[in-house]
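For reference, the chain that follows is the form predicted alone, supplied as structure tokens.
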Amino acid sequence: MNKWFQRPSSQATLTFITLLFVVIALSLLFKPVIFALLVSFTLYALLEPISNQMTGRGLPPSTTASIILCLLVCLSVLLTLIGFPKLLDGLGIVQDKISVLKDTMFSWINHGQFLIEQSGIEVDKTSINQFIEGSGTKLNLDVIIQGSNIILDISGTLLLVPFIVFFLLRDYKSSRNRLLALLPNEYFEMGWLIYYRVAKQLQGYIRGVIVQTSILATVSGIGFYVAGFESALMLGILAGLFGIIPYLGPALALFPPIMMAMSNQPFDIYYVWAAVSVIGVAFVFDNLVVIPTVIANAVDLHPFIVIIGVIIFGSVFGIIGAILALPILATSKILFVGLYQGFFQKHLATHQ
């Protein structure tokens, strides 16, 4: 048993599992503010180069953080004044579309029932109509609840994020240095090396994803606007956000515009083809141009692992889990490989 614990692979596995449990425990502890923390660390990764330039010119970290905090507060207020009315309008349009979609489904079902009855097959119209009515009501209620929850989450995030980013810009590096200084001397170099690799990859990935999402949302939004869709801005933003999810993004991004197209009255097949065309062109451009240029080197994972990870994380944690699956898997890989290499080098040094 002692020999098993002395193996580099065993030590790396046990350490990795221990760190995994610590991360899970911290995630559960900070669950009420986990969304705000994710947004804050994302902004920190984007703003750190600016902060470094300002401090490099002689400004104290507290002054630099204060200036950036003022800018973030102004930006949050601007987004609140401009973005919230847009969100509420978009939510109202979606509710109206669901009602129209329900009527369209009734019409299609009635036509289908007529054709089936002409063939001599009996159908239960009452049960079918009750199912559509119940599904439409439930979907409408879900839209109201989920939309309200999203607005509340965004409100809380806008209030917390500027202050969290302020403390990250001011104290993160000093806190990180103190934490890593607690490592024993024999593991100090390994700890710094793993941290450097993880931080570099995550920062590169976050910056790349922000650029990718912005380009995809812009291209999709313009396409939906030219095609004549209502709420083209909202549909473009949703396409950009769903684009973060590897492989499954196009299918998820296609659902909202297809729903909008099917809810038009009278129904026009043009909008269905337009939705497919806009999403198709946007994601082809994203995969052929944006991803190879912006985030090609951000992660190094096999596609099968990515797909399984996205499905598992998405089924357990929802959309947020599916979005975070790729950086979590990439970080886990770097962490485990770094631990194994560190313990392996230590093993070689002690047996020479």
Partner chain sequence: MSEEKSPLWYNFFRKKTEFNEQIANLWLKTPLFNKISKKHCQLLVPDMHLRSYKSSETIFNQGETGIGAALILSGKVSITSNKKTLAILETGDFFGEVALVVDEPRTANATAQENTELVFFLRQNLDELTDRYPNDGARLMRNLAKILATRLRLSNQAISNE
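Values in this document were obtained by computation on a predicted structure and should not be read as measured data. Numbering follows the first chain given and starts at 1.
The same protein also exists as the form predicted together with the partner chain; that form is not shown, yet it is the one meant from here on.
The partner chain is not shown here, and in the predicted bound form it never comes within 4.5 Å of any heavy atom of D268.
By the criterion of a heavy atom within 4.5 Å, G56 is counted among the residues contacting the partner chain in the predicted bound form.
Mapping the unseen interface onto this chain, Y247 falls outside it, with no heavy atom inside 4.5 Å of the partner chain in the predicted bound form. At the 4.5 Å threshold, heavy atoms of Q345 reach the partner chain in the predicted bound form. Contact with the partner chain, judged by heavy atoms within 4.5 Å in the predicted bound form, is confined among 186 to 194, 258 to 266, 215 to 223, 67 to 75 to 186 to 194.
Shown without its partner, this chain lists L79, V281, A251, A181 as candidates; in the predicted bound form, only A181 has a non-hydrogen atom within 4.5 angstroms of the partner chain. The listed set T293, N52, N287, S27 contains one residue whose heavy atoms approach the partner chain in the predicted bound form to within 4.5 Å, identified as N52. Residues of 162 to 176 that come within 4.5 Å of the partner chain in the predicted bound form, judged by any heavy atom, are K173, R176 in sequence order.
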